[in-house]
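One chain follows as structure tokens, the form predicted alone.
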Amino acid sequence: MSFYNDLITHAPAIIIAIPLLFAFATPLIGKINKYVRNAWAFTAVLLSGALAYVLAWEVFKNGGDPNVYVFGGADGTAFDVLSNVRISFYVDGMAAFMGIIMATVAFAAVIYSFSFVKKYTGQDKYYTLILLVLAASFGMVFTGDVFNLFVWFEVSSVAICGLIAFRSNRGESFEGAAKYLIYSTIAGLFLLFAIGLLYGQYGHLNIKYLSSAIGANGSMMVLDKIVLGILITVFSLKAGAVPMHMATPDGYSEAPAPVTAMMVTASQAGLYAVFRTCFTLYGGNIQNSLAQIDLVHAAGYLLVILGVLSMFVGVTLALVQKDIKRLMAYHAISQTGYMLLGVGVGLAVFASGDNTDFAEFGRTAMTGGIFHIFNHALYKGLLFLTAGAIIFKAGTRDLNKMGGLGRDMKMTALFFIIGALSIAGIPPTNGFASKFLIYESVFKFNPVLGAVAMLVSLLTLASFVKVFYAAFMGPKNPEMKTGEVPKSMLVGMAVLAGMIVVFSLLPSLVIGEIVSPAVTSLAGPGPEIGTSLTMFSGQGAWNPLVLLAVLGVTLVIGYVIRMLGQKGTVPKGEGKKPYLFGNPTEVNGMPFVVPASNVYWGFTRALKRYYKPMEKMHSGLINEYVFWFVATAGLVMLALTFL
């Protein structure tokens, strides 16, 4: 066997071993000097990331066929996982898809960190924890048994908690870390309890074995339903879904910017676990068990409900934030809703037994939701990095105290625009490509849900218009630092921005090569995505070149109209004065700018009956947040048990 074949065979274990080994050696390497330590961390993410891409290529090339690695065999695969107790990794199309997401964001985050954390102490510990988060994220998506899923869940939670508290000079950082740790610990206990129930019922922890055993006799045990309810709730909490999202904004807002980008991928590992649970663990015998069909069908509707709640609550709370990091955090919650909605609709149709509907729009909804996972990692990671760059120069997270940064931070402003257009789903970005699939397929499932998804995108755009206006436009605050951020921070942002551009120009290629194998790994083989859900052309997407051409012609026509219409209508020099929504530009000779918190004052005023109870729910008290989690878990278990 060649070296390359050996490498691919053992790749699942090596990909996780690299960041683990490098993490624990980082404090020793750091004693040499900081440059060697930085190179060490960079090497870790480069090697593990490159191997993750190579493994994904092999899996996708084979149509998503899994790479199964079982510890304890001579060649890593000698034992039958169904009849032996062994730790196993199972990397199919979906796991490989998630792996390249983790690798991409980690690569950008580590490069960005070189300059961002330069002024802080404890950098050895910082890079150690970053690598542990990467290893845990890989572990959650590669593992083939439920107990190791719990282990990696805990490693991820503890490492992220330490990173949230990294800036030890801020009491708020410790508070955010404590909330995240308490939330994650209680969720971990629920998860361990559910795993214990499965083991007690079936005597095995392997996901493939459990999938073949659950519902095998044509009926579903009450314990099976309780376990499904717990797993959905726990992993939805990890993903930051409403109403288990309460501690998420505190964690995101206090963690350093590159850490928040890594937290996005960690939350997506939670989404992966939700989808793997519903489709693989509980969908193994769905064709032979009417009771299992009913249970999985109900789970699909639960994901839809969680998705709609996350989308709407997240975006409306983001709109009123003046702290840029909290605003970004609520948008991360909102975008999670799109993924839950798309895959939830696919699951509900998949479990309904109507193969026609699943072929027509259910599979497309899944494709949109899974494609959105990668898009979300790219644009949300980029936006968190741009927020860190803004804070790095402005010295504040308060949008009301910013302004004029666009004069010096032109590249950061450009990266922000790319991320903002993508998250809002504006053509021709990759965010539009995945959202368009979700819009039309979900609209066929239920028109109201499609309308809500589009409304959330409009509010998302409005929110980021506010951020751009507050941070980059208007007069510059003389107390702010001048110049652009350091080059390593720009490179980190450029990595994610570059991939957004590629995904925006080639959405059909991305869907065909890496998204479709992921969908097939969950739902099985199926027909190609119908072109009835597309614009212009493309497989389950659209042709961005057509829209770019139309956009270019429109811009030229608009520019000509502007030039012709200006003649003789604008007094000399008048057009150079800034226009700020009809407000005066100067007060007593000083520049006047509308504060960011007042931009949508009328909207928030009109919805005060909505915002007042939401403010009470988000009290900041961890006891109340735990109550919401436990109550949600109870409701989900009741809903699934008494079908």
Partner chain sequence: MMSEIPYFAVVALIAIGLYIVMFKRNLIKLAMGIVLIETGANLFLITLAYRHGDRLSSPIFTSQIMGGDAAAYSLPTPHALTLTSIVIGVATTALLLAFFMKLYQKFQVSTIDDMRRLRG
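Just so you know, these numbers come straight off a predicted model, no measurement behind them. Residue numbers count along the first chain shown, from 1.
One more form of this protein, predicted together with the partner chain, exists but is not displayed; see below.
Think of it this way: in the model of the complex, the partner chain has a heavy atom of just one of 411, 522, 186, 473 within 4.5 Å, and the residue is 186. Just one of 509, 465, 454, 151 comes within 4.5 Å of the partner chain in the model of the complex, counting any heavy atom, and that one is 151. Contact with the partner chain in the model of the complex, judged as any non-hydrogen atom within 4.5 angstroms, is confined among 154-162, 429-437, 443-451, 387-395 to 154-162.
In the model of the complex, at least one heavy atom of residue 176 sits within 4.5 Å of a heavy atom of the partner chain. At least one heavy atom of residue 196 is located within 4.5 Å of the partner chain in the model of the complex. At the 4.5 Å threshold, heavy atoms of residue 115 stay clear of the partner chain in the model of the complex, well away from it. Proximity of residue 633 to the partner chain in the model of the complex falls outside the 4.5 Å heavy atom cutoff.
For the partner-free chain shown, 321, 326, 330 of 308-332 come within 4.5 angstroms of the partner chain in the model of the complex, judged by any non-hydrogen atom.
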